[in-house]
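Below you'll find only one chain, the form predicted alone, shown as structure tokens.
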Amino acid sequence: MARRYWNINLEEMLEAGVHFGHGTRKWNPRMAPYISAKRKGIHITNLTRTARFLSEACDLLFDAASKRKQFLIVGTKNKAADSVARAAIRARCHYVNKKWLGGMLTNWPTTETRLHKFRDLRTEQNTGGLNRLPKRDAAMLKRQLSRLQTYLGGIKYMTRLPDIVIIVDQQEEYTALRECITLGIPTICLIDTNCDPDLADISIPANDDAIASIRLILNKLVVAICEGRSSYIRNP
């Protein structure tokens, strides 16, 4: 896999607060190699290592995108949800940003059934079919459609398991990570100082609580995906 330049700037990461970890009492000892200091009771992440692993992740995503691979971005906590949706839409990726439904990947046939139901209901709504039903039935189906939109809206066009999953906050999305490990799906995970760096294929040590930090990391990954897709278009 060729290495490329991704304009990863340490000063930019400092400004976004990427280096701030959790309190020193709330940490995973396996993160020791990725921590450079302690300051006022919190761990400080080594941004040189962050830049290295972020660059590796970008290289992987570029190569995968140039081969027309499919990506899923997962981040359901409030501070990550909007950034996840924007990044995924920009890069034309699937995403989950509200709630991870257990078995979403490991029980893919059930997820497919839900997606078919979701698409059918959307078609019915768009063609006015729901309005022709009795009010009680229409109201029930509209509530069902609303729930499906909330939880499956970001994967409504997903027809198979993703090739790579990007996870924001290992602790919050542990179920999703375990499903990927079970299925052998490569993962890129944004990890804070309270996480286990050995679980994901590429772990990017960074602040997973600051919106600016999450947005910066996702933006770099999205650029790699977009450039990879452009590479395929130029060299089919």
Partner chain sequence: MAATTATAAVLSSLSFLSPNPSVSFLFPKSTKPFFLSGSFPSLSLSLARPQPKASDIDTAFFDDLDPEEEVVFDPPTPPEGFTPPPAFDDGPDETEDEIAAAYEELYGPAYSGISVLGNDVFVMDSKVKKTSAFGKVKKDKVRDGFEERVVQVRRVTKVVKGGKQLHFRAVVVVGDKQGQVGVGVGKAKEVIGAVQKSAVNARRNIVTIPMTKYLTFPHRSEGDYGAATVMLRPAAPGTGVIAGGAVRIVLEMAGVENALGKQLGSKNALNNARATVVAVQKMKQFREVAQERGIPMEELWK
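Numbering follows the first chain given and starts at 1. None of the values given here were measured: they were computed from a predicted structure.
Unshown form predicted in complex with the partner chain; subsequent notes refer to it.
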**Request:** Tell me the stretch among 202-210, 177-185, 164-172, 37-45 that has any heavy atom within 4.5 angstroms of the partner chain in the model of the complex.
**Result:** 177-185
**Message:** If the criterion is a non-hydrogen atom within 4.5 angstroms, does every one of 10, 94 and 115 touch the partner chain in the model of the complex?
**Reply:** yes
**Candidate from 79, 156, 98, 142 lying within 4.5 Å of the partner chain in the model of the complex - any heavy atom** = 156
**Message:** Against the partner chain in the model of the complex, would residue 215 count as a contact residue? Criterion: heavy atoms within 4.5 Å.
**Reply:** yes
**Asked** With a 4.5 Å heavy atom cut-off, would you call residue 89 a contact of the partner chain in the model of the complex?
**Response** yes
**Prompt:** Closest heavy atom of residue 14 to the partner chain in the model of the complex, within 4.5 Å or not?
**Reply:** no
**Request:** Please run the contact check for residue 131 against the partner chain in the model of the complex: heavy atoms, 4.5 angstroms, yes or no?
**Result:** no
